[in-house]
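What follows is one chain in C-alpha cells, specifically the form predicted alone.
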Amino acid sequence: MANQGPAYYSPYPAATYEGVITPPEGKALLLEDVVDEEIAMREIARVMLTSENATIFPGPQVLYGWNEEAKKKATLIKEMAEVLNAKMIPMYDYRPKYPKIDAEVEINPNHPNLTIWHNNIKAAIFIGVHCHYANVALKIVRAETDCYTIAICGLSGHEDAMATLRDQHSHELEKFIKIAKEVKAELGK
C-alpha cells in the first residue's frame, strides 16, 4: 500500500483544505456558503446571463444517449443554453491530448484552462461530467482563470466550483430553466 502524501501535495489549491465541503441534500453551495437550492439557481442564472462568453460544458453522461434520462437531460441542456444565451463546448473525451487540443471545439479535463483562456469565458456550467474528471478540471480552472464555475451534478456536488447544485436530474433541470427564464425577464434580457 502506498503512503499518502501530505496535505497541500496538490499543485492546485483545493477547497476542502479551506474547509469548504459539498452541500447537504436539498441545499446548494455558493462560494463558501450553503444556501437553499432556489437561491443558488437564481444566482447561477444571473451570473450566466450577465457574464461575457457564458458557456456550458456538457460531458459524456449527457452527450451520449445511453439511457432515457441522458437523452432527456441533453434536450434540457440545449434549452438551458438557449435561455441563458450560452455557448456549448463539449467535454466528450477525457483522454489527454497534450500538447495540443482544439480549444475552439472541445474542453479537456486535463487542461481546461486552455479552452477557458482561448474563448475568454467568464462563466461556465459543467454538467454531465464524471465527478473525478470534474474535480480535476474545476481545481485547474479555479487556480488558473477568472472564470466563475458552476457544477450541476447528479450526485453530491463539487466544492471547487464557485456554485454547485447537487442531485440534479431532469426534474431539477426543468426547475432551473423555469427560474432562469424568470431571472432573464427580470434583467430585461
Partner chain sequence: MSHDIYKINPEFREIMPKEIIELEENATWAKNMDKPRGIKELPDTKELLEEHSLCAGCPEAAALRYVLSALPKPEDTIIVNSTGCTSLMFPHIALHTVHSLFGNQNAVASGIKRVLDWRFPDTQKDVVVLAGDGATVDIGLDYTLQSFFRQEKITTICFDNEVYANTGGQESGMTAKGQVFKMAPTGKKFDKVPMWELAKTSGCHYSVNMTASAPKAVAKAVREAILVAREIGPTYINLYTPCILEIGLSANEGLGEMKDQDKDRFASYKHVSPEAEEYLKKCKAEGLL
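Positions refer to the first chain, counted from 1. Note that the coordinates shown come from a computational prediction; the quantities given were computed from them, not determined experimentally.
Omitted from view is the form predicted in complex with its partner chain, to which the following refers.
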property	result
Full three-residue contact with its partner chain in the model of the complex, heavy atom 4.5 Å, for 14, 17 and 26	no
Contact of residue 75 with its partner chain in the model of the complex (heavy atom, 4.5 Å)	yes
Proximity of residue 97 to its partner chain in the model of the complex, heavy atoms at 4.5 Å	yes
4.5 Å heavy atom contact, residue 118 to its partner chain in the model of the complex	no
Contact flag, residue 128 vs its partner chain in the model of the complex, heavy atom cut 4.5 Å	no
63, 162, 136, 35 - the one with a heavy atom within 4.5 Å of its partner chain in the model of the complex	63
Its partner chain in the model of the complex: contacting segment from 42-50, 66-74, 27-35, 149-157, heavy atom within 4.5 Å	66-74
Contact set, 26-53 vs its partner chain in the model of the complex - heavy atom within 4.5 angstroms	none
